[in-house]
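Single chain ahead, written as structure tokens, the form predicted alone.
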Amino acid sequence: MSAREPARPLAGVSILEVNNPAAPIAVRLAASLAGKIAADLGAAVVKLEPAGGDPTRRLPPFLPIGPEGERSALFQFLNTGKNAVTAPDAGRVEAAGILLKGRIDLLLCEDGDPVLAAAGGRGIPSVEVAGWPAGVADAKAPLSDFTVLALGGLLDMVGDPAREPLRLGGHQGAYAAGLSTFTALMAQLVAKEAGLAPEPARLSLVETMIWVNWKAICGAEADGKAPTRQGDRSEFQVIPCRDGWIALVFTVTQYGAVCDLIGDPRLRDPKFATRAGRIRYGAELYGMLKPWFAARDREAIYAEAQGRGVPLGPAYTPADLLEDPQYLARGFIAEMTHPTLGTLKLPQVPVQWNGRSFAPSPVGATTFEALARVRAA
């Protein structure tokens, strides 16, 4: 950190992130994201990888250059600002125990890791990231980001009921759990600084996704059944435009603005005047809407809709987002200079602290022996 740069909000906090070789990849992604946020906010995060390294080092997408084990863009994104070490083959738990003897404020670990007991014995607050809720840890079904989304009911909310469920882009289930895990870490830290002895925290990916999909629970409570996929009968749809796709979403008070935007007098037919009517005659309604969108490009549609107060959302590719005016104005995409991979463009933590953003730094590496000597001191 530059001597001229003010301290980051978590400067002085030390976190040990222990990767369990038996943990599913979705659990690893959640834990890694929580540790990444803490590191980008200034915490000293030590990432103890299993022998052979974190499996995410070998997951796509891959960068065009760089040594084996560092080219994974996923690994680089999830581990900015951390200091990575590999546990000795002979004793991963013993290695973690040696590090815990030094100054560690919080332990972040995965799915039933025996390191939890070592941290508890030293009074170190801990957060465990698991796949299944407590009590069903012996579930036999395979756990992945896709199955987490399915078990949370989200895959039954999106897409066409006439075809198989679609996996959502990216790692949305794991990353939602990662945000919850970071919240748990901060709760543990606040409790510790208040002089309390917090109980170990445990985050489940399945429970997190059920919480994310709270609308299904509310819908079941209100209507006696959970909402399900509607496909082309859905009230709000993603529809094609000249150069991509637009998500058409509006509140019940904004339908008049949609009519003004499209300019088709048929949209003001009384049968479309209520939400119930628009749902009942949805196929007819979208048949009138789609030609207007198909004749225009995303940016023109977005600008005109914004001017009329209609919250349309263009569907962007990652490359599009690099040129997004809002992202550019906030400096959300930062350039990070990596010693072997060159200049990388990465998103920053999407919050600011007293008007400041926090650019990521490359993951560091050291030997376990050297780090153990420092921690012991």
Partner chain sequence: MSTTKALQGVRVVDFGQLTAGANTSAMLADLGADVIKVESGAYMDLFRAVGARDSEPGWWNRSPQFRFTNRNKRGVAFDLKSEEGRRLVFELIKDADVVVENFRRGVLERLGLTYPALAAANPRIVLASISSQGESGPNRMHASFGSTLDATGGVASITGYADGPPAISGMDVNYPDQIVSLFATGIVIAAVREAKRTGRGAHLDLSQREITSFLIGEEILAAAAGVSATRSGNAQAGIILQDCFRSADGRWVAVTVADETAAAKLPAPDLAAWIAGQPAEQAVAVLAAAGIPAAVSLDGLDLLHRPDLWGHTLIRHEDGSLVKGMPYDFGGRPLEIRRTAPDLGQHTEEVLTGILGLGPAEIERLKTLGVTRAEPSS
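Not measured: the values here are computed from a predicted model. Numbering follows the first chain given and starts at 1.
Omitted from view is the form predicted in complex with the partner chain, to which the following refers.
Chemist: Have a look at 166 to 174, 94 to 102, 266 to 274, 113 to 121 and name the one stretch with heavy atoms inside 4.5 Å of the partner chain in the predicted complex.
Modeler: Stretch 166 to 174 is the one.
Chemist: Going by a heavy atom distance of 4.5 Å, is H338 a contact of the partner chain in the predicted complex?
Modeler: Output for H338 is no: heavy atoms all beyond 4.5 Å of the partner chain.
Chemist: Mark A43 yes when one of its heavy atoms lies within 4.5 Å of a heavy atom of the partner chain in the predicted complex, and no otherwise.
Modeler: No, A43 is distant from the partner.
Chemist: Looking in the predicted complex, any heavy atom of T208 within 4.5 Å of the partner chain?
Modeler: Yes, T208 is a contact residue.
Chemist: Can you tell me if W292 lies within 4.5 angstroms of the partner chain in the predicted complex, counting non-hydrogen atoms only?
Modeler: Flag for W292 set to no.
Chemist: Each of V13, I37 and E235 within 4.5 Å of the partner chain in the predicted complex, by any heavy atom, yes or no?
Modeler: The answer is yes; V13, I37 and E235 each reach the partner chain.
Chemist: Only one of E284, D160, D260, D297 gets a heavy atom within 4.5 Å of the partner chain in the predicted complex. Which one?
Modeler: By the 4.5 Å heavy-atom cutoff, the listed residue in contact is D160.
Chemist: Can you tell me which bits of 43 to 65 touch the partner chain in the predicted complex, meaning any heavy atom within 4.5 Å?
Modeler: P60, P61, F62, L63, P64 sit within 4.5 Å of the partner.
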